[in-house]
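The chain below stands alone and is given as C-alpha coordinates, in the form predicted alone.
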Amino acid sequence: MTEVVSLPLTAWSGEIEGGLRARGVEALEAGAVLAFPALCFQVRDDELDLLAPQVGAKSKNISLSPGGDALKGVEGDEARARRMQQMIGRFADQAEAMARSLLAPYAGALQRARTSFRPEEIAGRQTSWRKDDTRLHVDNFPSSPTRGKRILRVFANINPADEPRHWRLGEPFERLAERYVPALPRPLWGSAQVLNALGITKAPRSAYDHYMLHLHDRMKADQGYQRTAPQSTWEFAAGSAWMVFTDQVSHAATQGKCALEQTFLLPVQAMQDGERAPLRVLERLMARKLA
(Lines give C-alpha, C1' and ligand atoms only; values in the text may rest on other atoms or scores of the structure.)
Protein backbone atom coordinates (compact mmCIF):
# COMPACT_ATOMS: atom_id res chain seq x y z
CA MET A 1 0.00 0.00 0.00
CA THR A 2 1.10 3.57 -0.61
CA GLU A 3 2.72 5.10 2.45
CA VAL A 4 2.15 8.67 3.65
CA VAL A 5 5.27 10.17 5.24
CA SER A 6 4.79 13.35 7.31
CA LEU A 7 7.56 15.94 7.40
CA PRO A 8 7.61 18.89 9.85
CA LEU A 9 7.94 21.77 7.38
CA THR A 10 6.43 25.07 8.53
CA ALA A 11 7.70 27.51 5.88
CA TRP A 12 7.76 27.52 2.09
CA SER A 13 11.25 28.96 1.91
CA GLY A 14 14.49 28.64 3.86
CA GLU A 15 17.14 26.03 4.45
CA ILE A 16 16.00 22.47 5.20
CA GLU A 17 18.14 20.14 7.28
CA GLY A 18 20.07 17.56 5.23
CA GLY A 19 18.61 14.51 6.96
CA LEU A 20 15.09 15.73 6.25
CA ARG A 21 15.96 16.31 2.60
CA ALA A 22 17.41 12.80 2.26
CA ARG A 23 14.32 11.30 3.90
CA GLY A 24 12.03 13.23 1.58
CA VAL A 25 13.82 12.19 -1.63
CA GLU A 26 14.00 8.54 -0.58
CA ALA A 27 10.31 8.42 0.35
CA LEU A 28 9.19 10.11 -2.88
CA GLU A 29 11.21 7.81 -5.12
CA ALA A 30 9.94 4.78 -3.20
CA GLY A 31 6.38 5.77 -4.11
CA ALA A 32 5.24 7.50 -0.92
CA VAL A 33 3.23 10.69 -0.47
CA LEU A 34 5.01 13.41 1.49
CA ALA A 35 2.58 15.22 3.80
CA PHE A 36 3.30 18.59 5.39
CA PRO A 37 0.61 19.02 8.07
CA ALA A 38 1.96 22.39 9.28
CA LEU A 39 2.73 23.92 5.88
CA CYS A 40 -0.06 26.42 5.18
CA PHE A 41 -0.49 28.57 2.09
CA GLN A 42 -1.80 31.92 3.32
CA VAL A 43 -4.77 33.30 1.42
CA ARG A 44 -4.99 37.08 1.84
CA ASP A 45 -8.17 38.75 3.05
CA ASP A 46 -8.76 40.38 -0.33
CA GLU A 47 -8.52 36.94 -1.99
CA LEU A 48 -11.17 35.14 0.05
CA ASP A 49 -13.88 35.82 -2.54
CA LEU A 50 -11.75 33.91 -5.06
CA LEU A 51 -12.52 30.68 -3.20
CA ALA A 52 -16.18 30.71 -4.25
CA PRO A 53 -17.10 27.78 -6.57
CA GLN A 54 -18.45 29.99 -9.35
CA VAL A 55 -15.08 31.60 -10.05
CA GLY A 56 -14.26 28.70 -12.36
CA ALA A 57 -17.57 28.82 -14.28
CA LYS A 58 -17.94 25.37 -15.90
CA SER A 59 -14.25 24.44 -15.70
CA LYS A 60 -12.93 22.26 -12.88
CA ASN A 61 -9.52 23.95 -13.25
CA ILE A 62 -8.26 27.49 -13.29
CA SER A 63 -4.72 27.24 -14.61
CA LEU A 64 -1.67 29.47 -14.89
CA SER A 65 1.07 28.99 -17.48
CA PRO A 66 4.60 28.10 -16.28
CA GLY A 67 5.76 31.64 -16.99
CA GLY A 68 2.87 33.08 -14.96
CA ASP A 69 1.63 35.23 -17.84
CA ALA A 70 -1.46 33.34 -19.06
CA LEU A 71 -4.49 32.47 -16.92
CA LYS A 72 -7.29 30.19 -18.15
CA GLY A 73 -10.68 29.22 -16.74
CA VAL A 74 -11.51 32.12 -14.43
CA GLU A 75 -14.96 33.71 -14.42
CA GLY A 76 -15.38 37.41 -13.71
CA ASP A 77 -14.00 40.82 -14.60
CA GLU A 78 -10.40 41.79 -15.31
CA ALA A 79 -9.74 42.88 -11.73
CA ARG A 80 -10.79 39.47 -10.36
CA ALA A 81 -8.71 37.67 -12.97
CA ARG A 82 -5.68 39.76 -12.00
CA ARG A 83 -6.09 38.92 -8.31
CA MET A 84 -6.54 35.23 -9.17
CA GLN A 85 -3.38 35.33 -11.26
CA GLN A 86 -1.47 36.89 -8.38
CA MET A 87 -2.72 34.32 -5.84
CA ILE A 88 -1.96 31.31 -8.04
CA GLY A 89 1.39 32.80 -9.06
CA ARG A 90 2.35 33.33 -5.43
CA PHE A 91 1.61 29.67 -4.71
CA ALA A 92 3.66 28.62 -7.75
CA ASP A 93 6.66 30.59 -6.51
CA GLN A 94 6.36 29.23 -2.97
CA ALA A 95 5.87 25.64 -4.11
CA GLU A 96 8.93 25.88 -6.35
CA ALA A 97 11.06 27.38 -3.58
CA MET A 98 10.07 24.56 -1.22
CA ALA A 99 10.59 21.83 -3.82
CA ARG A 100 14.05 23.07 -4.77
CA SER A 101 15.08 23.30 -1.13
CA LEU A 102 13.64 19.98 0.05
CA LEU A 103 14.62 18.07 -3.08
CA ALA A 104 18.11 19.52 -3.39
CA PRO A 105 19.44 16.73 -5.68
CA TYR A 106 16.74 17.68 -8.21
CA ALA A 107 17.11 21.46 -7.96
CA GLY A 108 18.97 21.99 -11.22
CA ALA A 109 16.69 19.66 -13.20
CA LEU A 110 13.17 20.49 -11.95
CA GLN A 111 11.04 22.10 -14.65
CA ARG A 112 8.05 24.17 -13.58
CA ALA A 113 4.88 23.25 -15.50
CA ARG A 114 1.31 24.52 -15.08
CA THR A 115 -0.21 25.67 -11.80
CA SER A 116 -3.87 24.92 -11.09
CA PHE A 117 -6.58 25.99 -8.70
CA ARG A 118 -9.55 23.66 -8.25
CA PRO A 119 -12.39 25.57 -6.53
CA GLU A 120 -15.20 23.07 -7.13
CA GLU A 121 -16.32 20.26 -4.84
CA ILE A 122 -15.08 16.94 -6.22
CA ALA A 123 -17.77 14.69 -4.78
CA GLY A 124 -20.82 14.46 -7.04
CA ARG A 125 -19.27 16.33 -9.95
CA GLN A 126 -20.67 15.10 -13.29
CA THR A 127 -17.98 14.17 -15.78
CA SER A 128 -16.90 11.38 -18.12
CA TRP A 129 -15.27 8.28 -16.67
CA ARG A 130 -11.97 9.20 -18.31
CA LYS A 131 -11.90 12.61 -16.57
CA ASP A 132 -13.28 11.29 -13.28
CA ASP A 133 -10.48 11.85 -10.78
CA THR A 134 -12.43 10.11 -8.01
CA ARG A 135 -11.27 6.86 -9.69
CA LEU A 136 -7.84 5.42 -8.95
CA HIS A 137 -5.34 6.35 -11.65
CA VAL A 138 -1.77 7.35 -12.44
CA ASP A 139 -1.02 10.50 -14.40
CA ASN A 140 0.20 11.22 -17.89
CA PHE A 141 -0.74 14.08 -20.20
CA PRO A 142 -2.78 13.28 -23.36
CA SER A 143 -1.75 16.43 -25.25
CA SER A 144 1.70 17.09 -23.72
CA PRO A 145 3.85 13.93 -23.90
CA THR A 146 6.43 13.66 -21.11
CA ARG A 147 8.61 11.09 -22.94
CA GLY A 148 9.43 9.47 -19.60
CA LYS A 149 9.91 12.56 -17.46
CA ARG A 150 8.50 12.26 -13.95
CA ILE A 151 5.36 14.16 -12.94
CA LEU A 152 5.86 15.69 -9.50
CA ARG A 153 3.02 17.64 -7.91
CA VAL A 154 2.71 19.86 -4.85
CA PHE A 155 -0.80 20.39 -3.43
CA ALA A 156 -2.20 22.78 -0.84
CA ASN A 157 -5.67 22.60 0.72
CA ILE A 158 -7.01 26.16 1.13
CA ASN A 159 -10.62 25.15 1.86
CA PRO A 160 -12.28 28.20 3.56
CA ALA A 161 -14.69 25.94 5.48
CA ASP A 162 -11.76 24.12 7.11
CA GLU A 163 -12.73 20.83 5.43
CA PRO A 164 -10.17 18.14 4.55
CA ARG A 165 -9.40 16.89 1.06
CA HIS A 166 -10.06 13.14 0.82
CA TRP A 167 -7.84 10.84 -1.24
CA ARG A 168 -7.69 7.14 -1.96
CA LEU A 169 -4.22 5.65 -2.38
CA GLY A 170 -3.64 2.40 -4.24
CA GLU A 171 -1.06 -0.31 -4.76
CA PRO A 172 2.62 0.12 -5.80
CA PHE A 173 3.26 1.01 -9.44
CA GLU A 174 5.15 -2.16 -10.35
CA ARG A 175 2.31 -4.37 -9.10
CA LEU A 176 -0.19 -2.20 -10.96
CA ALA A 177 1.85 -2.43 -14.17
CA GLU A 178 2.19 -6.20 -13.88
CA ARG A 179 -1.60 -6.38 -13.64
CA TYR A 180 -2.39 -4.31 -16.76
CA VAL A 181 0.63 -4.32 -19.10
CA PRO A 182 -0.18 -7.67 -20.80
CA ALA A 183 -3.51 -6.26 -22.01
CA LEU A 184 -2.32 -2.83 -23.19
CA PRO A 185 -2.46 -2.35 -26.98
CA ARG A 186 0.73 -1.59 -28.89
CA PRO A 187 1.01 1.81 -30.62
CA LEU A 188 -0.08 1.91 -34.25
CA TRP A 189 2.80 2.65 -36.59
CA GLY A 190 2.90 6.37 -37.42
CA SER A 191 0.10 7.31 -35.01
CA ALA A 192 2.33 9.55 -32.87
CA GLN A 193 3.32 11.63 -35.91
CA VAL A 194 -0.26 11.88 -37.15
CA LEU A 195 -1.56 13.07 -33.75
CA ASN A 196 1.19 15.66 -33.63
CA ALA A 197 0.57 16.85 -37.19
CA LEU A 198 -3.14 17.28 -36.42
CA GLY A 199 -2.31 19.38 -33.34
CA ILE A 200 -3.84 16.83 -30.94
CA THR A 201 -0.48 16.54 -29.17
CA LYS A 202 2.16 19.24 -28.72
CA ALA A 203 4.94 16.78 -29.59
CA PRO A 204 5.00 13.17 -30.85
CA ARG A 205 4.10 10.64 -28.18
CA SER A 206 6.74 8.13 -27.19
CA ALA A 207 5.81 4.49 -26.64
CA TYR A 208 6.01 5.29 -22.92
CA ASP A 209 3.32 7.99 -23.25
CA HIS A 210 1.14 5.62 -25.25
CA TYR A 211 1.28 2.89 -22.62
CA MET A 212 0.85 5.26 -19.67
CA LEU A 213 -2.26 6.79 -21.23
CA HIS A 214 -3.74 3.35 -21.84
CA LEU A 215 -2.84 2.31 -18.29
CA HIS A 216 -4.63 5.42 -16.98
CA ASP A 217 -7.73 4.59 -19.03
CA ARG A 218 -7.79 0.87 -18.23
CA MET A 219 -7.62 1.63 -14.51
CA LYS A 220 -10.45 4.15 -14.61
CA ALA A 221 -12.64 1.98 -16.83
CA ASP A 222 -12.21 -1.11 -14.65
CA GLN A 223 -15.00 -0.77 -12.10
CA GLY A 224 -14.16 -4.11 -10.52
CA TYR A 225 -10.62 -2.95 -9.91
CA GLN A 226 -11.84 0.36 -8.48
CA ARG A 227 -13.90 -1.54 -5.91
CA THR A 228 -11.48 -4.31 -4.99
CA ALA A 229 -7.97 -2.88 -5.54
CA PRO A 230 -5.72 -2.73 -2.48
CA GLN A 231 -6.24 0.81 -1.24
CA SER A 232 -6.38 3.11 1.76
CA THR A 233 -7.95 6.50 2.46
CA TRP A 234 -6.28 9.66 3.66
CA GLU A 235 -7.45 13.13 4.66
CA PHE A 236 -5.30 16.19 3.98
CA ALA A 237 -6.43 18.87 6.41
CA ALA A 238 -7.24 22.43 5.40
CA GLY A 239 -4.10 24.51 5.88
CA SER A 240 -1.78 21.64 4.96
CA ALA A 241 0.22 20.64 1.88
CA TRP A 242 1.53 17.45 0.29
CA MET A 243 3.79 16.27 -2.53
CA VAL A 244 3.80 13.14 -4.69
CA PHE A 245 4.98 11.65 -7.98
CA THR A 246 1.50 11.27 -9.49
CA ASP A 247 2.81 9.23 -12.44
CA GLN A 248 3.88 6.55 -9.96
CA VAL A 249 1.36 6.68 -7.11
CA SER A 250 -2.10 5.29 -7.79
CA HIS A 251 -4.43 7.95 -6.38
CA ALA A 252 -7.95 9.35 -6.47
CA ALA A 253 -9.33 12.60 -5.05
CA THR A 254 -12.81 11.82 -3.75
CA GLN A 255 -13.98 14.81 -1.71
CA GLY A 256 -13.02 18.41 -1.08
CA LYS A 257 -12.81 21.80 -2.76
CA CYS A 258 -10.37 24.69 -3.07
CA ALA A 259 -7.03 23.00 -3.70
CA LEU A 260 -3.95 24.47 -5.33
CA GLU A 261 -1.67 22.26 -7.41
CA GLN A 262 1.79 22.89 -8.83
CA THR A 263 3.20 20.49 -11.42
CA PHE A 264 6.90 19.91 -12.09
CA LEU A 265 8.62 17.66 -14.63
CA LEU A 266 11.81 15.82 -13.74
CA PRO A 267 14.11 13.88 -16.11
CA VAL A 268 14.64 10.29 -14.97
CA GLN A 269 18.41 10.76 -14.99
CA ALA A 270 18.09 13.41 -12.25
CA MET A 271 16.67 10.85 -9.79
CA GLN A 272 18.77 9.24 -7.09
CA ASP A 273 17.47 5.83 -8.22
CA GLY A 274 16.10 6.05 -11.75
CA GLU A 275 15.21 2.33 -11.77
CA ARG A 276 12.16 3.21 -9.68
CA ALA A 277 10.73 5.48 -12.38
CA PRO A 278 7.63 4.24 -14.22
CA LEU A 279 9.59 4.45 -17.48
CA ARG A 280 12.18 1.97 -16.22
CA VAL A 281 9.54 -0.31 -14.67
CA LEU A 282 7.63 -0.54 -17.95
CA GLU A 283 10.85 -1.06 -19.92
CA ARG A 284 11.79 -3.99 -17.67
CA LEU A 285 8.36 -5.57 -18.03
CA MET A 286 8.32 -5.13 -21.81
CA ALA A 287 12.04 -5.80 -22.33
CA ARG A 288 12.52 -2.83 -24.65
CA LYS A 289 13.19 0.92 -24.72
CA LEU A 290 10.08 3.06 -24.57
CA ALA A 291 11.49 6.61 -24.81
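Everything quoted here is computed from the prediction, not taken from an experiment. Note that residue numbering begins at 1 and tracks the sequence as displayed.
The discussion below concerns the form predicted in complex with a small molecule, not included here.
Participant: In the predicted complex, which of 94 to 102, 162 to 170, 73 to 81, 182 to 190 comes within 4.5 Å of the small molecule (heavy atoms)?
Facilitator: This holds for exactly one stretch, 162 to 170.
Participant: Among 210, 112, 137, 147, which has any heavy atom within 4.5 Å of the small molecule in the predicted complex?
Facilitator: Among 210, 112, 137, 147, a heavy atom within 4.5 Å of the small molecule in the predicted complex occurs only for 137.
Participant: Just one of 32, 40, 229, 253 has a heavy atom within 4.5 Å of the small molecule in the predicted complex. Which one?
Facilitator: Looking at 32, 40, 229, 253 one by one, just 253 meets the 4.5 Å heavy-atom criterion.
Participant: Taking the shortest heavy atom distance, is residue 205 within 4.5 Å of the small molecule in the predicted complex?
Facilitator: Although the small molecule is absent here, residue 205 would stay clear of it in the predicted complex, with no heavy atoms inside 4.5 Å.
Participant: Is residue 174 close enough to the small molecule in the predicted complex to count, meaning some heavy atom within 4.5 Å?
Facilitator: Judged by the heavy-atom cut-off of 4.5 Å, residue 174 is well away from the small molecule in the predicted complex.
Participant: Residue 217 near the small molecule in the predicted complex, any heavy atom under 4.5 Å?
Facilitator: Looking in the predicted complex, residue contacts with the small molecule do not include residue 217, since no heavy atom lies within 4.5 Å.
Participant: Using heavy atoms and a 4.5 Å limit, would one call residue 153 a contact residue for the small molecule in the predicted complex?
Facilitator: Because a heavy atom of residue 153 falls inside 4.5 Å of the small molecule in the predicted complex, the answer is yes.
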